[in-house]
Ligand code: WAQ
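To begin, one chain is listed below as structure tokens, in the form predicted alone.
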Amino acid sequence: MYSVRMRATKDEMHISGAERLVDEKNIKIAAVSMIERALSHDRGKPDFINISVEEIETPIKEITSLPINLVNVNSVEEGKKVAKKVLSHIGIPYLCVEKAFTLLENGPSDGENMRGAIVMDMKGERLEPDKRRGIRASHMDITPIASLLLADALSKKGLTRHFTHVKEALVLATKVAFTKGSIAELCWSDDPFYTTGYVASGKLGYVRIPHLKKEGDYRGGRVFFVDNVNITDYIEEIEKTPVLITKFDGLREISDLNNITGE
């Protein structure tokens, strides 16, 4: 198996990225698909596209995805309120939640987005060594069968057009949630035309929340909330351990947030 990754930038600013775990015969197909995606991204046409192909030499960890919980909100204010409530129920301190939202809203790297994620401990301290790059979850994918089950579940909820966004986010969120020391993740996209985000954890699954930012806002990113981690080991697992989702754990629509939190 090989890890095929794409990173596209313009004027050194991140435009898009993607990753697949494929066998040798599918390397070219994956690479061409990624290049086409980079050249048609909503954030503009990049001036630099990097494709890397790396043979996977360590055993691939096979896991089941987090379950998806769909929450419907009608405004950014309501979306952020829901996200904060879910994070609080998971056990993330108020200080950390507020700091995480402030960083993502204002741009965590001197007002700009980061290429990777913030890592924040339960005291609100940022642990990632490079505050501009962050850490990047990689070496991960989902099997075709599990992907088809996800696509079918989204289709039944009228979300087919968001399949790629949801699939890639679910794969990443699942890998992070299964990494020792991870407590929760907060994310919303840096795509100015995609306003949906999520809170994910091993405790409550993947909670998809529309309207975590206003349309047209290019700011976005992710925060990994952690506890009792050796940051070097944590980064090594997030960035290097190969993970393949082989089963999709289902989707449900939540009309009452208490059905998630149990309150």
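Throughout, rigid core stands for the largest set of C-alpha atoms superposing within 1.5 Å between the two forms. Because the structure is predicted, anything quoted here is derived from the model rather than measured. The first residue of the shown sequence is 1; numbering continues from there.
In what follows, reference is made to the form predicted in complex with pimeloyl-AMP, a form of this protein that is not presented.
The contact residue chosen from K84, R126, K99, R115 relative to pimeloyl-AMP in the predicted bound form is R115, the criterion being a non-hydrogen atom within 4.5 angstroms. Against pimeloyl-AMP in the predicted bound form, the set Y198, G220 and F224 is in full contact: each member has a heavy atom within 4.5 Å. Although the partner is absent here, H165 sits close enough that one of its heavy atoms falls within 4.5 Å of pimeloyl-AMP in the predicted bound form. Heavy atoms of D191 reach within 4.5 Å of pimeloyl-AMP in the predicted bound form, making it an interface residue. In the predicted bound form, pimeloyl-AMP sits beyond 4.5 Å of every heavy atom of Y234. pimeloyl-AMP in the predicted bound form comes within 4.5 Å of no heavy atom belonging to H211. Contact with pimeloyl-AMP in the predicted bound form, judged as any non-hydrogen atom within 4.5 angstroms, is confined among 202 to 210, 226 to 234, 26 to 34, 52 to 60 to 202 to 210. In the core-superposed comparison between this form and the one not shown, K61 has its Cα shifted by less than 2 Å. With the core held fixed between this form and the one not shown, R219 has its Cα displaced by under 2 Å. Once the rigid core is overlaid between this form and the one not shown, R43 counts among the residues whose Cα shifts by 2 Å or more.
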